[in-house]
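Just one chain is shown here, as structure tokens, and it is the form predicted alone.
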Amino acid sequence: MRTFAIAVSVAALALSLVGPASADPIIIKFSHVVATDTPKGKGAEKFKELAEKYTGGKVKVEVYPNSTLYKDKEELEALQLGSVQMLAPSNSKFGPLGIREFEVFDLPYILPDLKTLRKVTEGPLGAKLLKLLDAKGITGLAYWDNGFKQMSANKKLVTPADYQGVKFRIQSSRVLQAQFKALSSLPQVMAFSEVYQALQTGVVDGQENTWSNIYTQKMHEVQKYITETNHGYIGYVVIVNKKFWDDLPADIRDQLSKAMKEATAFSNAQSQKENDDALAEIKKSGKSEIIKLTPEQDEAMRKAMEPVYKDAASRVGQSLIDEFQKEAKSTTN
């Protein structure tokens, strides 16, 4: 009996010296639909690195790129159910949830430059939009860039008349459908992964995308002309399951917010660099002729797309469009 008591005492002493067993880490599953070597993919990996570092390993982030965990259309439902904790969908993905306001980011020329974009996404207007997600069990954390879009086709696109009858690939968006209809083009919704082959085989004649997307997907090899329009923006909203986020210990949530802020700055800087590098590589390849519009040609394009704003106002709200335009005006003045 005495031997047993001594053994228990020794075990208790050892436990007091080493402390209790470490708690299991909090798992964050971060799912996204693009490759690891894209700005968004690199941003997710940077968040993982910083989150695990700042929490001292109390949080483990599992990143699932290329839709390996959930398909594009399944992601939001999985997040709401808590099956995945974090996503970075494009701005226009919230329509099926009844939140149409994010479609404002798809409007042509609504964000004329990077300075205006930052003023929106890092200011009260961007925060107000993120707050709309709360009612759907989602917390918006940050905005990540892909960049500004250019037009490409196998014919020169200089005036609005040049777009007539051209079959354009678009991502699913009522704003983008209205945009190309305003130009008398034929918009066709198509998955991003299918665009190169569709351009190569003539299923579609043209597309709109950022420089980095055009280059990495080799679209410039199957498009004779790219018009530098910077007419639209592609971006993402980093979101997290609201209940999961709210239930985190306050100190952990603070460290994750810090990690997200730094990962956002990293991802957005990476996006700008990769677009600049891609433009340089496309020019160097000589496979596409890059067309720059004159101020008069640019103004004609803007005027041709004005009806898109009226079409979108009934869904996103005229007041929200006015707020975006006010920010753009105050930035450029």
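Think of the rigid core as the biggest set of C-alphas that the two forms share within 1.5 Å after superposition. All residue numbers are counted from 1 along the displayed sequence. None of these values were measured; they are calculated from a predicted model.
The discussion below concerns the form predicted in complex with ligand LMR, not included here.
At a distance threshold of 4.5 angstroms between non-hydrogen atoms, L130 is out of contact with ligand LMR in the predicted complex. Interface membership of V34, defined by any non-hydrogen atom within 4.5 Å of ligand LMR in the predicted complex, is confirmed. Using a 4.5 angstroms limit between non-hydrogen atoms, I234 touches ligand LMR in the predicted complex. Shown alone here, S90 lies within 4.5 Å of ligand LMR in the predicted complex, counting heavy atoms only. This chain is displayed without ligand LMR, yet in the predicted complex the stretch 207-215 from 207-215, 132-140, 221-229, 255-263 comes within 4.5 Å of it by heavy atoms. None of Q171, N154, T159, Q200 but one reaches within 4.5 angstroms of ligand LMR in the predicted complex through a heavy atom, and that residue is Q171.
The listed set S185, T121, N146, Q85 contains one residue whose heavy atoms approach ligand LMR in the predicted complex to within 4.5 Å, identified as N146. Here the marked residues K40, D72 and F192 all reach ligand LMR in the predicted complex, each with a heavy atom within 4.5 angstroms. Shown in the overlay between the shown form and the other one, fitted on the rigid core, is a CA shift at E194 of 2 Å or greater. Relative to the superposed core, K242 undergoes a Cα shift smaller than 2 Å between the shown form and the other one. Fitting the two forms on the rigid core leaves the C-alpha of I170 displaced by at least 2 angstroms between the shown form and the other one.
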